[in-house]
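One chain follows as structure tokens, the form predicted on its own.
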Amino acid sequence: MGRAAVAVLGIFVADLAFKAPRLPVMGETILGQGFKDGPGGKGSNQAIAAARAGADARMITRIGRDTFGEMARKAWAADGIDTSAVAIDDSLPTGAAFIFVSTETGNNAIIVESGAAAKLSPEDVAAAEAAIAGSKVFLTQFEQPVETALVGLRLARRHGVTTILNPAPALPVDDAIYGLCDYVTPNETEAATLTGLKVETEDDALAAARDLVRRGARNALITLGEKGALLHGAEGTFMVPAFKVPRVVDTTGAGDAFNGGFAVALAEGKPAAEAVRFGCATAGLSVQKPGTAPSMPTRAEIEALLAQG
């Protein structure tokens, strides 16, 4: 039996990560305490997470013909990701992201410039129809144009593919998009932006999830960092706690790890509660390593953590 297929529509950017105790204020220069570059972008991170977690991952994006584009191709090749739906743009550069990582907490702040992927178009998605139609799960975000994500969700729905929208960064959107989503997976901040409700407690998260379901989503899955994740909708209402980890090194990419792992579990036919737990395990492992794509765990590592309970 082959690996379950997950198609990911999203962007690649080169991550340029700086470590320091704090961000500088305007006009100030401070000394860093570490620097690393590597592959990133929510879509690419999620595809790599899905591939390492056991999926036949398929990437749909646009990159430039440049050094950062070569970084993308090498990263995808290393994890066996299908790139037949990756368009090469000769006029625009591959995107990049500035990432600040606190040496005090491991938390992060990010600025993304999508580059060529900002021009990822409905036509690019249409050209990837075979990759989407042949997948069990379709996953997308909002780092590329919203109308492009919308076309991808419609196409996946037309072919009976389970759809996941990770609405990051959170943007004001027409409620019609939620009706195309089997799962909407914002974090606390994104859920608050989308619903206008504060999301600080589990009860707040449930209220936000109910609002997203009211707007049309089949299920809303709110990720709550170290608390875990709360799901509400057609698959029920339940809270799945996060896995306790010995030390948080870097939270960058944890949400992408969760979404990639969650998508794989769904693609393999696991029940929603089990799929959420699989996503939590994937995220819990990722925060123990630095970086984004490099921190994504393998299937063996995920299963070992799950077996520990």
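On a predicted model such as this, the values are computed, not experimentally measured, just so you know. Numbers follow the displayed sequence, beginning with 1.
What follows is about the form predicted in complex with a small molecule, which we do not show.
Although the partner is absent here, R62 lies well away from the small molecule in the predicted complex, with no heavy atom inside 4.5 Å. A residue is said to contact a partner when one of its heavy atoms sits within 4.5 Å of a partner heavy atom; A131 fails this definition for the small molecule in the predicted complex, lying far away. Heavy atoms of G253 reach within 4.5 Å of the small molecule in the predicted complex, making it an interface residue. None of the heavy atoms of S286 is located within 4.5 Å of the small molecule in the predicted complex.
Heavy atoms within 4.5 Å of the small molecule in the predicted complex are found in exactly one of 69-77, 180-188, 105-113, 214-222, that being 105-113. This chain lacks the partner; the member of L230, V151, I99, V161 within 4.5 angstroms of the small molecule in the predicted complex by a non-hydrogen atom is I99.
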